[in-house]
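This document starts with one chain, in the form predicted on its own, laid out as structure tokens.
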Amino acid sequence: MTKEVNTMYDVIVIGAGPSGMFAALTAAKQGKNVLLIEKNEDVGKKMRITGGGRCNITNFKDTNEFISSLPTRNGRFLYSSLNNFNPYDIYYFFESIGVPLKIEPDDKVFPVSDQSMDFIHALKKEMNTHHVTIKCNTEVLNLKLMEDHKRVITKQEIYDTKNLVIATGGKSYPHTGSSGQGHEFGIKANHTLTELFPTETPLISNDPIIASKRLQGLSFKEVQLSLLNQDNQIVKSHLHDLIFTHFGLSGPAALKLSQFVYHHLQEHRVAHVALDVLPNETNLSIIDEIKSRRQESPNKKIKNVLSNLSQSRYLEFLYEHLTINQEQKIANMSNNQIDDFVQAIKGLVINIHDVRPIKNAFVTGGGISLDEINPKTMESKLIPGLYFIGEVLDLHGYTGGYNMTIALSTGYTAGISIQ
């Protein structure tokens, strides 16, 4: 049975994540007749689970600081969109539509309620007010990009539009609908797809330190994790929380470092990372402190004298790792042993052999090449009336509200640019 073509829309947006919803809402506010298509049963599926179900909606920085905080050189592409709609605009927009916000450490912005659904309910209400037509449980099967219009073929119906916005996300968290379909649409439209890679993902290690499971479940606050080059020089460091797992390292410090580890592993069999659990202290200051304690309390046991330097379980591991008898008197701890101990507590080296794949990553790296997208409008330079926004693009940030900001800002820019 041949499907009939439904109403011609001014704008069709494929994908009802944050970027898609914002593009649809913004275009509708400009008086456009907008259709938002979502293959899941409701909008904002991935948005519901981000930030542990709290949804870190933005990172409260000005445009220059925001861009300089991104891990990619592509951040400069965002100047136009962030000038249109920056983190401060995001904050005041959501407060204006009834979502009270709060700013937490590291400039992270959350709803006062700690409920991500507040954002989704508010956006749905706004879209309804501005007459956005939403079709959920609607999977797009094919696109036809003709000179005077675009055709969207779904399982149920066929829709025509003057302007088509691709907001389907990356390939992370596929159970939320992020299947990479937008990349396929881009390729079909002769766009270039850059290499896709996992970012914000745990590190996998076969190192005996990890394989022994001695440290499994141990977590640290505000430690420094660094990627080392072949000369043991620091390539990249992150200061944040860390968790030892049964397979390797996780927590914000490991996640933020993961994309750099991934690229290192494309050229080397193994990556070396160094863990500093006392990042605010120098090696020399710790050595001097231990020697001072040795002189003041020579008859006390090593484990008692050094007990305040870190967690007892970690210290016990280091003593065993360095074959230091923690039961012996501190007077018997040689200068060489002190040097080795301090070197370990300031830079325990762990071998990393892989990172978790894209499907387990919080964010997808890579995407539709920015060289073929107009940064002032998000419109394709190859096909007029075709737009790409959000994570489908070769743009990403660290967790902490950066990716949500990119999604909302590029969505807003596309929405106000559609004629």
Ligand SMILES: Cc1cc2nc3c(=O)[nH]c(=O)nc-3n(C[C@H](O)[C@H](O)[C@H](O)COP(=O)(O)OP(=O)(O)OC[C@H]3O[C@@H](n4cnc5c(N)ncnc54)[C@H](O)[C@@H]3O)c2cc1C
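One rule holds for the numbers: they count along the sequence shown, beginning at 1. Every value quoted in this text rests on a predicted model; they were computed, and no experiment measured them.
In what follows, reference is made to the form predicted together with the named molecule, a form of this protein that is not presented.
- Although the partner is absent here, I368 is not a contact residue: none of its heavy atoms lies within 4.5 angstroms of the named molecule in the model of the complex.
- Under a 4.5 angstroms non-hydrogen atom cutoff, the named molecule in the model of the complex has T168 among its neighbouring residues.
- At a distance threshold of 4.5 angstroms between non-hydrogen atoms, T245 is out of contact with the named molecule in the model of the complex.
- Using a 4.5 Å cutoff between non-hydrogen atoms, G251 does not count as a contact of the named molecule in the model of the complex.
- Only one of 23-31, 346-354, 44-52, 379-387 lies within 4.5 Å of the named molecule in the model of the complex by heavy atoms, and it is 44-52.
- Contact with the named molecule in the model of the complex holds for none of N163, I373 and A414, as no heavy atom of theirs lies within 4.5 Å.
- In the model of the complex, the residues of 16-48 lying within 4.5 Å of the named molecule by at least one heavy atom are, in order, A16, G17, P18, S19, G20, I37, E38, K39, N40, K46.
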